[in-house]
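Presented as structure tokens, the chain that follows is alone, the form predicted alone.
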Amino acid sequence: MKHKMLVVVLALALILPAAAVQAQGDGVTLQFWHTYNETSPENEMLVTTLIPMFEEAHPGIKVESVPFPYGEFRQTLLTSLAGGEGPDLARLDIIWSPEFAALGVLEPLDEIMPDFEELAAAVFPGPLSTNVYDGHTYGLPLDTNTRVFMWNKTLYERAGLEGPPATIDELKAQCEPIKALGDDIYLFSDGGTYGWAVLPWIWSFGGDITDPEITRASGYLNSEATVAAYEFLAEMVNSGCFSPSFLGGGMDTGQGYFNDIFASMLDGPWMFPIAEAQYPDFEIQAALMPAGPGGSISVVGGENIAVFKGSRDTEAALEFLRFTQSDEYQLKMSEVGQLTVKPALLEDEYFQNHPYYGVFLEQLQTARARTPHPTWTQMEEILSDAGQLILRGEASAQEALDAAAEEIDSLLAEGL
């Protein structure tokens, strides 16, 4: 692993200086790569409102929006950069920022932006921290979010349930009434055993992936609390309480929720604009993650924006980055489910009177970020594979997590 990463870094080091010839002056067209779905409200806001707003204020700069499917984006970036191509700016999942910073392909904003400290002081410290690697800051937060417990009022009422569970034990008790509605109705669903799906359960059970210093997984990933979280998930899936979608494939979680098949799910604020556009008669109900021994803890999501070395015009790219940090940009994207990263804006009338952001802001008080380490992608593969073994009954939770902890220990020992 270390050798492969070194090869990539050396290849990029050779390519980037040649690509760093900037197109100074008027007439530059920047490429902004991102993972907004082309038909989503977020993409429409970006393309039809925000980019035109920026271009009107900056006549010499054009911005080309380049969307990619999320599942392909990271590898596409790595491949493009290794081939001497790539974006001027990109919207990166917060968990990818340390990895790309370690590869040496991102501009250190704290070194090249005279107004960096001012911009950094205006955003939430937690999301900002995901841009830090080896003492420098390589991006700024673009949006933040978390997952909350969304429950289907129609199914709950049909099952005679009064409302959402406050605890994991209460959630478990809701299985029998929901299953009484039919074998094809499930209490809860999610799409796999990747980190975004399982971390809220691990943390709420009191478990973890590594020690706080991110030096080892042994004693944490295979701890009694983490094992208990996986045993709970396996029990719920195998009993038919939770959807088999946890094993991969099957019905899309959101589709099942909106069509009265899944009684609950964990999801983010973007689901509300989706419901408004596609299911106008459906009213989403939202509550905090059911609490376990470790509390009610969900996962922090969101994206950062970074400028890449070799940009066609670094100064122009920095201007667009500054625009994404403006009140206007942040408020407009909040209208389509992209929660602002600027705490000062929470005093704005828009947020004070908002119909659903309150529960997300409350959940963010305890939500945690995925392990901020350059090897997270490899760690997550190990985590996901272990989860599949456990939920399929091919290994006990203790056996699978002991082996996974040993793999992650080796990965962390190798470094980059």
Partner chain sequence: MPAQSQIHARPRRVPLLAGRLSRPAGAHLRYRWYVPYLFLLPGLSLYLLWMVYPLGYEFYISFFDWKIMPGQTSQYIGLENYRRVLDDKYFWLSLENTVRYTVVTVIGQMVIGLALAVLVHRVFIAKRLFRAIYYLPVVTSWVVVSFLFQFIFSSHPGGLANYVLTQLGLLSAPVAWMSETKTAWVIIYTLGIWKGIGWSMVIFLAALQGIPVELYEAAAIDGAGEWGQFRRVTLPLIRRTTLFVLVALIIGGFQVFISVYLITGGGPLHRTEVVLSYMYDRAFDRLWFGYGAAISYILAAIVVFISFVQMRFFRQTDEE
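All values reported here derive from a predicted model rather than from experimental measurement. Residue numbers count along the first chain shown, from 1.
Omitted from view is the form predicted in complex with the partner chain, to which the following refers.
Candidate site formed by L78, M251 and E394: every one of these residues places a non-hydrogen atom within 4.5 angstroms of the partner chain in the model of the complex. Remark: A82 counts among the residues lining the partner chain in the model of the complex, judged by a heavy atom distance of 4.5 Å or less. Mapping the unseen interface onto this chain, R322 falls outside it, with no heavy atom inside 4.5 Å of the partner chain in the model of the complex. Remark: L389 counts among the residues lining the partner chain in the model of the complex, judged by a heavy atom distance of 4.5 Å or less. The closest heavy atom approach of L103 to the partner chain in the model of the complex falls within 4.5 Å. In summary, among the residues K342, K332, R74, H136, the only one with a non-hydrogen atom within 4.5 Å of the partner chain in the model of the complex is R74. Q378 is the sole member of Q31, T49, N43, Q378 with a non-hydrogen atom within 4.5 Å of the partner chain in the model of the complex. Contact with the partner chain in the model of the complex, defined as any heavy atom within 4.5 Å, is confined among 87-95, 114-122, 324-332, 240-248 to 240-248.
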